[in-house]
Ligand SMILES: CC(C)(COP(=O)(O)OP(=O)(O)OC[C@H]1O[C@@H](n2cnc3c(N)ncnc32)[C@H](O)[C@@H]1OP(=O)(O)O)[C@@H](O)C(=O)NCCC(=O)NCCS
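First, one chain by itself: the form predicted on its own, in structure tokens.
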Amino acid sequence: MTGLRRLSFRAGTPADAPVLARAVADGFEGYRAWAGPAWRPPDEASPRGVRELRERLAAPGVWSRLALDDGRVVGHVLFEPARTHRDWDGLVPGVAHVAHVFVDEEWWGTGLAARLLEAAVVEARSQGYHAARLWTPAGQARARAFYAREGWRENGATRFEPGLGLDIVELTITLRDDESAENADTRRFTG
């Protein structure tokens, strides 16, 4: 079997935290190509990073889907209820935050990232969210183009992310066409 047909998919669990943290760390390593030689990625696969991701995966409202090739995780997506700020408790009502979309480089261009992102959009919609948001580095042209192709729009919100050491931009998508979500894809969901 070739391509996406050979993959299996399952829910992510707290037990997957070490593998997913390594995938995030590997994804951040790829940022060096455009972030410059002086940029240093955060160590997401550290014991602290794994612990934090395990806690995140166990938190209420967190949803994750893994793509596996012969049992090996080759991509994953994760969303959670959006918060007004990463470390604050204040929720943004009706908005899902897509925190992870990571795919092994060997799977770039296969449609896997689009499939994982669409699964997250479908699930967030089924859970009653009216919009979703995500943040991606301003300098990550490939990711920004991908999200635009998938219907996400930049809403003008930017900020420096100290943990990443990069400027990031917010992108949003409307999940429901009801009145409460009429302008959700152009609103800023940050505090």
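Quick caveat: nothing in here was measured; it's all calculated off a predicted structure. One-based numbering along the sequence shown.
Note that the form predicted in complex with the ligand isn't included here; everything after this is about it.
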Query raised in the report: Do all of A35, W39 and R159 end up near the ligand in the predicted bound form, with near meaning a heavy atom within 4.5 Å?
Result: no
Requested in this report: Please determine, with the chain shown alone, which of 147 to 155, 45 to 53, 118 to 126, 62 to 70 has non-hydrogen atoms within 4.5 Å of the ligand in the predicted bound form.
Outcome: 147 to 155
Query raised in the report: in the predicted bound form, does A58 have a heavy atom within 4.5 Å of the ligand?
Result: no
Query raised in the report: Using heavy atoms and a 4.5 Å limit, would one call P93 a contact residue for the ligand in the predicted bound form?
Result: no
Query raised in the report: Contact between L78 and the ligand in the predicted bound form at 4.5 Å, heavy atoms?
Result: no
Query raised in the report: Any chance A82 has a heavy atom within 4.5 Å of the ligand in the predicted bound form?
Result: no
Query raised in the report: Considering only 119 to 138, what residues come within 4.5 Å of the ligand in the predicted bound form, judged by heavy atoms?
Result: W135, T136
